[in-house]
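Here we start with a single chain on its own, the form predicted on its own, put down as structure tokens.
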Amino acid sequence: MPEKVTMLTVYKLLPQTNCGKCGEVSCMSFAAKLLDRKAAVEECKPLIEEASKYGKQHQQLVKLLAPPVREVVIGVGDRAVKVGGKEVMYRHELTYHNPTALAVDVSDKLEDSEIVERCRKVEEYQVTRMGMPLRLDMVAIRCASDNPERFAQAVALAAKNCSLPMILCSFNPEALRLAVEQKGVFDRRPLLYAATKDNWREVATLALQYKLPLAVFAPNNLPLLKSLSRTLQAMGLRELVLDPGTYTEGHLLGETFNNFTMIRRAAIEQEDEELGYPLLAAPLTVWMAGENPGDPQALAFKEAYMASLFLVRFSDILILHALEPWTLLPLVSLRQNIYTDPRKPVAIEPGLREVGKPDRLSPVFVTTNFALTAYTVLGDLESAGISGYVLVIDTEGLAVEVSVAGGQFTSARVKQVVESSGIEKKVEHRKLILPGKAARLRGDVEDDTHWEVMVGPQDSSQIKDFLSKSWQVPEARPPEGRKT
């Protein structure tokens, strides 16, 4: 197993002058940023400006910090997709970067209007979770017609009506060539899919000519996949994506997951450069079961759970078919969970939030600044049609139960947000509603804030019922109220 890169190893290859040109106070702090992938080697100005002196160190540093799984860029501009760039097998070892790209297929057998509509749906798909917009990333144009001219037309149509990066899917080199030559296609840097044992020379030549990333396909044959990768590297191709085949039935399903795991392990643990590339899986193969594939809902469900398995098991690109919201939401949510920093909970700014149109007699709720908790509470209040105020306290990004147990959810912090938020000037009552899982803090909060404290439900989805039974609109009182 290769030695782990340490901060001291990186520091020794830096100029060690502490010049500050990188924006850091010392070379050691810059080394820490390089290790965390929060800075690029090129930000060290002396390495670039004094190449005669530091050129060798520069090259060593770039090679040292290059991830075992190469990073490949597909597309251009703001919506370009970066895949790969992995350094570890599991996210608890080090934060995962470059989230798995989700692509949806577009068949060239569709009518022109259907192609445009499907591309539009893929590009416009967006849900918001924990305050973050979650989207799809690419369209995969499939040469289902086996007609190069029709495929080229479909690709041109998609390029004209969709700004997302594209995957051009055909084993026919002529079809790929015609598609790439369409106006506005090759300069969008599409991924060519795919080079095989039968067409690798022609497809590789096309990829080299237009400087495009290339997928390599060798179903359930790792020696062949490795051989093709070696050959393509020798031709000068460095932006490769590996597809070891996607099987979704019987013993081949188990072999598929074993293949993905073995490839990733070989890349990271043995630093096998021939397998150190992003991996592609195609869960849409569940739909390719003949002329009567069965119940579409059952197939969409199967595709969704297969995709979730591949997302966890090292796939960097997923090609999907179903566009139903109930199939996509679990995937984008799972991806968001996996590609957050496990060392740092997702948190929002503490303070006062308003829901609906609260007035001076509206209820005041207390919650934590863990993003999932806070946005769930805010969403449940909005869905229930409740107008009110929400005091978000700083629990260092932890949820209610763990922050109460760990000492981050305290009466002192509730008092702090009450005083800093100005809530006393917005309501004429002095009543707070604590989360049910923070019930044990009721007395302390009352003592510290001098507000009356009510204990709410365990789950924010039950707030409407809770208010209907327990909340009585307080009588109007002078704005100054009770002093704290």
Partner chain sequence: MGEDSEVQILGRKLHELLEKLGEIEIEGVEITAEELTLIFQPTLTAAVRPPVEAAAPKPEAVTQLMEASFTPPIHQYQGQVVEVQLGATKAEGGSRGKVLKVGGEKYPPLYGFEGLNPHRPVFAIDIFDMPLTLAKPVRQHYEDVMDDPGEWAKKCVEEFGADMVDLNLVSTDPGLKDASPREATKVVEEVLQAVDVPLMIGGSGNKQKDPLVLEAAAEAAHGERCIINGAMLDIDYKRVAEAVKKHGHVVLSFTSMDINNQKKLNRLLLDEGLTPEQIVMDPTTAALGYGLEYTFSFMERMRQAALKGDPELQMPLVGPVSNAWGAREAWLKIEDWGPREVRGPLWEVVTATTLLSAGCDIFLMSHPAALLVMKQLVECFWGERKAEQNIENWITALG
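Numbering follows the first chain given and starts at 1. Under this definition, the rigid core comprises the largest set of C-alpha atoms superposing within 1.5 Å between the forms. Here the structure is a predicted model, which means the values were calculated and not measured.
If you look for the form predicted in complex with its partner chain, you will not find it shown, but the lines that follow are about it.
Three-residue candidate spot Leu222, Thr231 and Gln297; every residue lies within 4.5 angstroms of its partner chain in the model of the complex by at least one non-hydrogen atom.
For the residues Leu398, Leu391, Leu206, Leu102, the 4.5 Å heavy atom test against its partner chain in the model of the complex is passed only by Leu398.
For the candidate set Thr340, Gln182, Asn98, Ser411, a heavy atom within 4.5 Å of its partner chain in the model of the complex is found for exactly one residue, namely Thr340. The closest heavy atom approach of Leu212 to its partner chain in the model of the complex falls outside 4.5 Å. Although the partner is absent here, Lys437 sits close enough that one of its heavy atoms falls within 4.5 Å of its partner chain in the model of the complex.
Its partner chain in the model of the complex is approached by Arg129, whose closest heavy atom lies within 4.5 angstroms of it. For the chain shown alone, Glu124 is not a contact residue for its partner chain in the model of the complex, no non-hydrogen atom being within 4.5 angstroms. The chain is drawn here without its partner chain; in the model of the complex, the stretch among 183-191, 138-146, 359-367, 153-161 whose residues come within 4.5 Å of it by any heavy atom is 138-146. Contacts between 300-316 and its partner chain, taken as any heavy atom within 4.5 Å in the model of the complex, involve Phe301, Ala304, Tyr305, Met306, Ser308, Leu309, Val312, Arg313, Phe314. Annotation: Cα of Tyr277 displaced by less than 2 Å between the shown form and the other one, core superposition.
Annotation for Gly77: C-alpha shift under 2 angstroms between the shown form and the other one, rigid core superposed. The Cα shift for Met89 between the shown form and the other one, taken after rigid core superposition, is smaller than 2 angstroms. Wider separation of the C-alpha atoms of Ser383 and Phe301, by 3 angstroms or more, is seen in the model of the complex than in the present form.
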